[in-house]
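Listed next as structure tokens is one chain, alone, in the form predicted alone.
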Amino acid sequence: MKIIKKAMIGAAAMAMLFGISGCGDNNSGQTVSTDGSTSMESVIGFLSEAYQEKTGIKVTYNPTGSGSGIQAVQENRCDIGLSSRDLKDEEKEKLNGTVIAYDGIAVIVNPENPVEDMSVEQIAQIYTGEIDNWQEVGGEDSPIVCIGREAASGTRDGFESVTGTADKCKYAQELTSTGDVIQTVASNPNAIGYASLASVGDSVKTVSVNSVTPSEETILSGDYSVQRGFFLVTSKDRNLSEQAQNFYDFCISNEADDLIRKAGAVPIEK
């Protein structure tokens, strides 16, 4: 089953439906507040819409990035945090992280770029500046422009962890959302970027990595190496409200699997 790559279509409309707002607007007891990863926008959108239709309970989503979502849980500003990276050891002392899906991190280039495949080593060398011309990896004689995410991004954390480039990347631009990375690469023939596979559409080209194209099958099998989990983050120090617990249970149930697929991600094996 191929991953649907156009899951971001209608994201703005979904955001309005789900009531994007700051975390903490949960006084009525009829709202579940989530905060965090912009890469999880489509997944949380599909899950929230289905849950609201089923229960009448509204789920809000504040797309601030994984680090900010984790912090929001720690500071009791939302019910559930959303993270596209695993929790750090110090965060695990106070928080729980539950994987609800897997996401391939697509390595993307402009559609005009003839490069089709790269190794993890080549990608790492590009982002650290060791390779700085597309000609060195089978492309045109043009300078490589490295686009990435801001330091708090779970996508960046996942990408740099897999490629072994943490604190070594030389970015031309560090952007605050998945959509900004895609748009920037789409507009620059010399650019390379990385983004959640669930968010990648036709405006950019996904290159294979070590001759493996990202798909549901290659992500679950582990053959596609540039991947990470999508996590629900909760506090160990306080219980979720009844409404938040019910939404959490819905997200990890078998009922959520098809919704996660529709959002372009890969549900975990249960």
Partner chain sequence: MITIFLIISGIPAIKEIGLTEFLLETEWIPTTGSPKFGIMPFILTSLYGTFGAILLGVPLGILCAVFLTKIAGKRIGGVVSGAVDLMAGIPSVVYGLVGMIVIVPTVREIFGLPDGANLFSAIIVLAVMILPSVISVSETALNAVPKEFEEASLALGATKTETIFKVSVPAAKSGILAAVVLGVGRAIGEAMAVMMVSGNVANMPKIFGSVRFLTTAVASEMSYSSGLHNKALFSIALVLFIFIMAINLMLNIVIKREKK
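Numbering follows the first chain given and starts at 1. Since this is a predicted model, take the numbers as computed values, not measurements.
Not pictured, yet referred to below: the form predicted in complex with its partner chain.
**Q** Sort through 171-179, 117-125, 192-200, 93-101 and report the only stretch with a non-hydrogen atom within 4.5 Å of its partner chain in the predicted complex.
**A** Within 4.5 Å of the partner lies stretch 171-179.
**Q** Are all three residues Ser68, Val145 and Ala152 in contact with its partner chain in the predicted complex, where contact means a non-hydrogen atom within 4.5 Å?
**A** Checking in the predicted complex: Ser68, Val145 and Ala152 are all within 4.5 Å of its partner chain.
**Q** Going by heavy atom distances of 4.5 angstroms or less, which of Gln183, Gln135, Ser161, Asn76 would be at the interface with its partner chain in the predicted complex?
**A** Flagged contact: Gln183.
**Q** Indicate whether Thr165 is a 4.5 Å heavy atom neighbour of its partner chain in the predicted complex.
**A** No, Thr165 is distant from the partner.
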